[in-house]
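Quick setup: one chain, the form predicted alone, written in C-alpha cells, and binding and motion questions come after.
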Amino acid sequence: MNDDRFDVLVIGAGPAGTCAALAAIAAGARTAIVERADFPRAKVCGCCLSPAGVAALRALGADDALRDAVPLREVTVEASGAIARIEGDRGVAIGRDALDDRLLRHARARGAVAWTGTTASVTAPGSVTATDRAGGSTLELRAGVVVVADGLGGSSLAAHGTTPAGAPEAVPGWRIARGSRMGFGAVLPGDAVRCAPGCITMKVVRGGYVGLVRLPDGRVDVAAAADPKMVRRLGGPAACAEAWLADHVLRADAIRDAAWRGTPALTRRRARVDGPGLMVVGDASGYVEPFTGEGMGWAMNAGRAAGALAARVAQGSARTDDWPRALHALASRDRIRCRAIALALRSPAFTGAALRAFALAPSFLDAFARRIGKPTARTA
C-alpha cells in the first residue's frame, strides 16, 4: 500500500477530528491526521466536557485522557444581581492543551499516521495537499474519504469550491448569523480570580457573558462570548474580562498580563456538510453561540459518528451523502435549545428576572438543567 494513500484522512486534531480518527481506526480503516498546530497548544474554550462527551470517550476507549480531570458538580449563573446555583453532574473540567495532546497520542498509538505543524488543502475529491509550516515542503495525500474537522478558523476547504475547474462548489463557505458574537479567552494563574474547584461560574452582562472554571493544575480558564463592539469599547479582551468579572477579580495585573486569544464570529453554519469523498464535522460544520458547556461533547459524538461512517464509505458500504442526515439526528435539538438560551441571554435584565423566578421553583430549573449535556440514545 502506498504511504500517501489512506482509507480516511482527517484534517484537524481537535476533539471532533481525533474522535473521528479513533472511530475510523476501530472500524478497520487506515487513517491519517493532518493538524495545522504544533501540540500541545492553547485554545479559546470553556474547557468543560459534558457527561455526553465523557461517555463518547469511554465508548472509544480513550477516557483515560481525562485521568486528572476535575469533576464538575455545580453551575452558578449571575445576572443583574440575581444568582442561581444548579447542582448535579456537569461533566469534568480539563485544559484543551492537555486533552487534545492526549487524544492525538491515543490516535497515534492505535495506528494513525499524524502530521502536526502542517496545513492541509482539499484540492479535489479525496485529494489533499499537506504543507509543512516550518520547512515549506509539501506532500500530496489521497484518501477514500476526507473528514474536515479544522474548526471555525480552518481554511482547508478554501480551494475546494473551484476544483476541478468549472465545477460547482461542493461545500459552500460560511453563513454567519447577523449579530454573531466573538469568543475570547485565556488561562489565568490560580490566584488571579475567585473560582471554586468543581464549579462553573457564569456571569451574564451587557454585551455578552463570561465563564470561569478551575483546571486540574489549579489554573483558571476564562472564556467569553461578546459583542465585538463592546470588546473594542472596553479596550480589548483583558479589559473586558476584568470589567465583567468585577468582584471575582483578585489580581487585575494577572488578567492584564495573560495571553488572550480571540475567535472569528461564533454563530455560523454551512449549507452543506458533505461532498464527493468529503465530510465536514465539528465546529467546521457549524457552530452556535456557547453557554451550556456542550460544545466539546457535540464535537466528540459527531466525530465518532463521522469516523465510523467514513470507514464504511471507504469500504464501499455507505455514501458520504448519508452524513447530513446523521449529523442532524445527533445534535439538532440540542443546538436549537442552546441557541434559544443564547438569544435569551442577550438581555441581562431578562436573565436576572428569570433567575429570580427560578428561585421560586428550583425543581423546574433542576429538571431543565439535568437534560443539558447528558448522553442520549443518539450518542450512547
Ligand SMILES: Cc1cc2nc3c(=O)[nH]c(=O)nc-3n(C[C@H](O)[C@H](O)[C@H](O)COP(=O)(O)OP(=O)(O)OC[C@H]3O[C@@H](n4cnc5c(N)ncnc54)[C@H](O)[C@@H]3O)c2cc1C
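Please read these numbers as outputs of a predicted model, since none were measured by experiment. Throughout, we count residues from 1 along the sequence that is shown.
Missing here is the form predicted in complex with this ligand; even so, the following discussion is about that form.
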* Structure fact -> Exactly one listed stretch (187-195, 79-87, 297-305, 228-236) reaches within 4.5 angstroms of this ligand in the predicted bound form by non-hydrogen atoms, and it is 297-305
* **Partner-contacting position among Ala27, Ala37, Ala344, Ala353 - heavy atom within 4.5 Å of this ligand in the predicted bound form** => Ala37
* Asked: Within 4.5 Å of this ligand in the predicted bound form, do Leu104, Leu141 and Gly277 each have at least one heavy atom?
  -> no
* Asked: Though only this chain appears here, would Cys45 touch this ligand in the predicted bound form if you measure heavy atom gaps against 4.5 Å?
  -> yes
* To do: Using the partner position in the predicted bound form, report whether Gly91 sits within 4.5 Å of this ligand, counting heavy atoms only.
  => no
* Is Ala16 close to this ligand in the predicted bound form, meaning a heavy atom pair under 4.5 Å apart or at it? -> yes
* Asked: Looking in the predicted bound form, any heavy atom of Ala120 within 4.5 Å of this ligand?
  -> yes
